[in-house]
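The chain that follows stands alone, in the form predicted alone, written as structure tokens.
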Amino acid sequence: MADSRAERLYDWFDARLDLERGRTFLGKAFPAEDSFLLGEVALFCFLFLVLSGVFLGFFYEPSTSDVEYDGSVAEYQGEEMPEAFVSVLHITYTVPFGMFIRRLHHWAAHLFVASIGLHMLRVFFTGAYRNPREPNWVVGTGLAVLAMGAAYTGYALPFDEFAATATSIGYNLTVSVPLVGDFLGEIVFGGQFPTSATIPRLYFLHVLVIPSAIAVGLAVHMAILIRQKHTEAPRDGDVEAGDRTVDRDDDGVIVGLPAVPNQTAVSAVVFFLTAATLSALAGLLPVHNVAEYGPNDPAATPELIMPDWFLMWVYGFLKLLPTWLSFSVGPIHVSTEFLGGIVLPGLVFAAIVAWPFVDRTDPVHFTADPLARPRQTAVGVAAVAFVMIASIAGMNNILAEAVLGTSTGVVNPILTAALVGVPPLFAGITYLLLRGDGNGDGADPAANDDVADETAGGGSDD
């Protein structure tokens, strides 16, 4: 009886929604490889960012107008302070679960950027960006830029002394763009930083413009993935998939888990693990203490100013470039802020976007072994070393004073030499080691000439 009721219910929906057609999609296969789940972690982090951001948005006031504080932080009782700062104190110390949700929003942002970065490294080193998946690599790079933009625009919103001063670095970079810098500063910051329009502009970008762009980017990313299908690791041999045998080199079939129910169950586990990780971080680790820094004071500058870790490499460029690199051509002034904060990072992202079109191949389905691709792996190692050294340069004052007991004037030339010399050195060592492995002809033994249209899930073709 129960089955007949279920069948009738299914038939009722099938008559209206054409469920039979959807069964093909629901049977789409996903490779059962853990590293492929990094993209899902990023997706779930974005979901947590949206949900926690909606909660915070109910209590946050994007205004720099002064109001009298009458909350629970004794040291600010009765003081006139910017409404944005007061609202964050209210969220943190008065709203039920406010501190937890604020912390969760903070850690979700960091994990969002980190998971995207790790996902891109996995795609790069396994060659999963190659023909025909170049478009999705470009979209993914754009998502990485947007994720950093979302984090940056949210950084100033508490309008405390530290965050406002750190955000001013972005303003200085924006207005450094020759010819159009002031116009861009007007659009993003509402004029000279900070003005009464700065926080509303950044809030508008943070909660609407950039999240909408990320949502569209994720939709495009997923649509291309579904259209092209996943890559998968080379098989050790023929695979028994349900009632058929999939040949080891058959690139027209994906061997993995069906989207429903198997992959859905795996995704549910990843979702709850992501939630548990973020909850543990939010419960155990404090975040930016706005009460300690106090409201923004244009007349003061905190002793130690630095951006978040994912923008530290850009900060490193700014610290290492000498001021004598500035020059003028007629009315156009090119400053070191523009070179270090806009041009160099722009070249880095341009190189990332262009790489699949440099590493050209015939269409491939299987991922590659990084050890069998010495040239590409050497480039990746050099790129990672370059970003790491630039990030260390962003903390040159800590390195010099707290670690080495010297001045930044001593360590900056060393860091500059390392930024120029270490990446090619690491690339050369990597290339020679992998080529000497006897695998290093750059060929991908799993690559095939064609990408077929057929997929298989859970051991059975759809």
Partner chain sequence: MRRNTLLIGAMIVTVLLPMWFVALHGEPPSEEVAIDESVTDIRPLQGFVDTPNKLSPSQVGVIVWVALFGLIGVLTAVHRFMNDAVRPPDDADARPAADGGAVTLPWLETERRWIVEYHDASDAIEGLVAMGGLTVLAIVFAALFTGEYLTLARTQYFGLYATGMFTSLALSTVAYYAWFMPHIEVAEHRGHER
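Positions refer to the first chain, counted from 1. As the structure is a computational prediction, the values presented were derived from the model and not from experiment.
Note that the form predicted together with its partner chain isn't included here; everything after this is about it.
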Review point. All three of S168, P234 and T336 touching its partner chain in the model of the complex at 4.5 Å, heavy atom to heavy atom?
Key: no
Revision key, fill the gap. The listed residue (L347, A215, A268, A354) that reaches within 4.5 Å of its partner chain in the model of the complex by any heavy atom is A268
Revision key, fill the gap. Exactly one of A385, V145, V220, L321 comes within 4.5 Å of its partner chain in the model of the complex through a heavy atom, and that residue is A385
Revision key, fill the gap. Answer among 187-195, 70-78, 336-344, 136-144 for heavy atoms within 4.5 Å of its partner chain in the model of the complex: the stretch 70-78
Review point. Is R122 one of the residues lying within 4.5 Å of its partner chain in the model of the complex, judged by heavy atom distances?
Key: no
Practice item. Mark Y203 yes when one of its heavy atoms lies within 4.5 Å of a heavy atom of its partner chain in the model of the complex, and no otherwise. Key: no
Practice item. Considering only heavy atoms, tell me if E292 and its partner chain come within 4.5 Å of each other in the model of the complex. Key: yes
Review point. Is the gap between L325 and its partner chain in the model of the complex 4.5 Å or less for some heavy atom pair?
Key: no
Check your understanding: Counting only heavy atoms, which residues in 365-393 are within 4.5 Å of its partner chain in the model of the complex?
Key -> H365, D369, L371, V381, V384, A385, M388, I389, S391, I392
